[in-house]
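Just one chain is shown here, as structure tokens, and it is the form predicted alone.
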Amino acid sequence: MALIVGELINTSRKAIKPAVENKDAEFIKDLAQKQVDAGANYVDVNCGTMVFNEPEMMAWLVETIQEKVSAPLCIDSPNPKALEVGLSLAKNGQPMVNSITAEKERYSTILPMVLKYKTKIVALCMDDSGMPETAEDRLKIATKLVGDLTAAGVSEGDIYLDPLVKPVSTGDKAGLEVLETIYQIKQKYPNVHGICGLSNISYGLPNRKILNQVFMIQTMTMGMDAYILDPLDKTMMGFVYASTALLGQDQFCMNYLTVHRNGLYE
């Protein structure tokens, strides 16, 4: 079964920012619980828009969410101080860090936290030259990241490579380059995971949900096995369970049948 990171507790979302600003604990707890009930394995925690007090708000969010759910957390921030605070308070299972890159400064800042807290790590295929364009460029960065992380003591099974999804509206090969990257990474590193946020693929186009859903199916076929998405989207979750079953990753279709009986997808 694909690993699902519930993406909804993010202050860049209109409904979330005021709830966090007002410390509406019941709203946040309810949203965390709904995501877990819908199939999220991890709950993403991101208050990156709160630039003046992000570490403080990260602490409040982590503690509030953990009062309600026992799912592990994905601590998501560009701010190392906020990451450190979130990780220091995370107590449910193995936390995940979102994210590290091959950029020298980011890598050297984040790696010690990954090792200290023994986390899973989302590793973006990006280095100091910027975002890569081709599958070949992405694979070079992925190879460096996997080599450096494993040499530092991170197990391959704790690495989640993000190939960086770009909008297909800005380049008709954007989706294809990601699919080729996933396939090549899986061939080279079968124990390393792949993860992405799907919504970038449809940016600037109408009917975005259908593009996101189809791209999820395509990426899973290439070997992607983790997603940062909205688990309350029942159609998307239905496609996740169906794809898993069809790819032989759901013995006797038990997960598919269970969620069907529980009415968790459309």
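Position 1 is the first residue in the sequence shown; the rest follow in order. These figures come from a predicted structure and were not determined experimentally.
We do not show the form predicted together with a further copy of the same chain, though everything after this point is about it.
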message: Going by heavy atom distances of 4.5 angstroms or less, which of M50, V36, A59, M222 would be at the interface with a further copy of the same chain in the model of the complex?
response: M222
Residue (of Y117, Y183, Y189, Y107) lying close to a further copy of the same chain in the model of the complex, criterion heavy atoms within 4.5 Å: Y183
Per-stretch contact check against a further copy of the same chain in the model of the complex, the hit in 38-46, 24-32, 63-71, 231-239 (non-hydrogen atom, 4.5 angstroms): 231-239
query: Mind checking whether each of L211, L247 and E266 has a heavy atom within 4.5 Å of a further copy of the same chain in the model of the complex?
result: yes
field: 4.5 Å heavy atom contact, A15 to a further copy of the same chain in the model of the complex
entry: no
query: Quick one: does M131 come within 4.5 Å of a further copy of the same chain in the model of the complex, counting heavy atoms only?
result: no
- prompt: Heavy atom to heavy atom, is A226 within 4.5 Å of a further copy of the same chain in the model of the complex?
  reply: no
message: Is it the case that T11, even though its partner is missing from this view, gets within 4.5 Å of a further copy of the same chain in the model of the complex, heavy atoms only?
response: no
query: Going by heavy atoms, what in 157-177 lies within 4.5 angstroms of a further copy of the same chain in the model of the complex?
result: V168, D172, K173, G175, L176
